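Just one chain is shown here, as structure tokens, and it is the form predicted on its own.
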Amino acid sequence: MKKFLLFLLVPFIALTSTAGGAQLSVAFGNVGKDLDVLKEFFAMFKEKTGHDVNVISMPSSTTDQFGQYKLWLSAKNKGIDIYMLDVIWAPQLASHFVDLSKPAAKLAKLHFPSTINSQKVNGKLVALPYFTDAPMLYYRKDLLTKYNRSVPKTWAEMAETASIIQSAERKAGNSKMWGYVFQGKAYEGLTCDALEWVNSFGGGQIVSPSGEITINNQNAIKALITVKSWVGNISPNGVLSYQEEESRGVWQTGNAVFMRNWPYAYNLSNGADSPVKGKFDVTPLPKGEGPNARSAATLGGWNVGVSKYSKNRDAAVELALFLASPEIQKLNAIKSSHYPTIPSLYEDKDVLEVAPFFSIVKDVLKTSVARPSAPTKRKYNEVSKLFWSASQSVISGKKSATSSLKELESRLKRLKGKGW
């Protein structure tokens, strides 16, 4: 909470027009080089419109961002014109944002209908897509070739290969080598990871699309027990405090065989100074075990919402349309390896030249799994917190999977009450 209070003390000025255009403020959480790329887009926007854009940098943790956003929006803060919104936040924050249905009527038709629909609440288009997202399994193709191992299709294959290569590389002198890194900290990122494990074993989506609580089942229990077996063996104990950047840090220094991460890590891992440049590739996340096993990737993505409290609403709407335009979607794919939401860009030669893995992205998106923000509505944040807490209690060894999920089910029932 201290972080949030510090943000509230920041004075927001320059809300009126400046020579040549308005002064806009955008709240944005920086991951990797995303902020630098976004500033390039803002410079392009200023050249086209005369409107200047100031970035209010947020914590990288989406949990912290959401808490801060709620404080600002509840206070009807007039100092922020645009909010970058996680795909799951629309149902919870819709009342604070401008309906973009009319100004984006033509533009919206260029995007995946499912992406546009995910940002509609009671017929109101809360936000426009900046990019969509789904994680993948990063793997060291050089090491798999060296040890004659195939790209894993299941979590069991991944764990076996990770163990074999980790052991061999340590014997060869790299004492820092680990088999697999992921996001294990108790925050929204763990909800994404754990949902993938559970769903890939056929354990459902925590809460079904119809609102039924489904998490307490044998497949979900088996998934969490499996992950617990990785920690301290093929994954460092420190993974329990990892977010995306900590995972990338281990991976990009050449000290992990496999990594679960979002596509932003692709270009960074192939940077000129990266020790793993040219040595890795990506593939869909592995399947679990059992008759309902599947590859499951949590659907992510970021969207642009215009605050109802903005004093520069027209200019802010212009910026939202600009950031969702085909031009920016293409540049964002090239510069940051973010998935566009305009189908034609997946066949664009310029995009495929720098992000060849986009050729498999449609398959990844087809297997994506949504967090239950739609059925749980305003209660999603608490649902997620209960889920990530229960998941970490299992993979850290503090509680058994059976008792943790039984307790989670009871807490979710109390939270639901007579309805979400």
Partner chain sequence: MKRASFRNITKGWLLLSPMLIVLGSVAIFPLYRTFLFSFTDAKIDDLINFSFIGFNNYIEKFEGLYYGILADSTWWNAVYNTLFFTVISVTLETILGLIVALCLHRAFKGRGIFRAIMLIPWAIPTVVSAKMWSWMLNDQFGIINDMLLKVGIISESVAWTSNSDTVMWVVIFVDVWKTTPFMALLILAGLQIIPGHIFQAAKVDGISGIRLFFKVILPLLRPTLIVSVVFRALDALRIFDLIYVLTPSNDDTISMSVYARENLFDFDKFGYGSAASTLLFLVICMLTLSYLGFMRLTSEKI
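Residue numbers count along the first chain shown, from 1. Quantities reported herein were computed from a predicted structural model and do not represent experimental measurements.
From this point on, the text means the form predicted in complex with the partner chain, which you will not see here.
Peer 1: Any chance Ser74, Leu240 and Gly417 all have a heavy atom within 4.5 Å of the partner chain in the model of the complex?
Peer 2: Yes: each residue has a heavy atom within 4.5 Å of the partner.
Peer 1: In the model of the complex, does Lys48 come within 4.5 Å of the partner chain, counting heavy atoms only?
Peer 2: No, Lys48 sits far enough from the partner chain in the model of the complex that none of its heavy atoms falls within 4.5 Å.
Peer 1: Residue-level contact is defined here as any heavy atom of the residue lying within 4.5 Å of the partner chain in the model of the complex; does Thr63 satisfy this criterion?
Peer 2: Output for Thr63 is yes: heavy atoms within 4.5 Å of the partner chain.
Peer 1: Would you classify His96 as touching the partner chain in the model of the complex, given a 4.5 Å non-hydrogen atom cut-off?
Peer 2: Yes.
Peer 1: Just to confirm, Lys279 within 4.5 Å of the partner chain in the model of the complex by heavy atoms?
Peer 2: Answer no; every heavy atom of Lys279 is more than 4.5 Å from the partner chain in the model of the complex.
Peer 1: Between Glu353, Asp363, Glu382, Asp36, only one gets a heavy atom within 4.5 angstroms of the partner chain in the model of the complex; which residue is that?
Peer 2: Flagged contact: Glu382.
Peer 1: Out of the stretches listed (185 to 193, 330 to 338, 153 to 161, 293 to 301), which one is close to the partner chain in the model of the complex, meaning heavy atoms within 4.5 Å?
Peer 2: After filtering at 4.5 Å, what remains is 185 to 193.
Peer 1: Using the arrangement in the model of the complex, list in sequence order the residues of 249 to 264 with any heavy atom within 4.5 angstroms of the partner chain.
Peer 2: Gly249, Val250, in sequence order.
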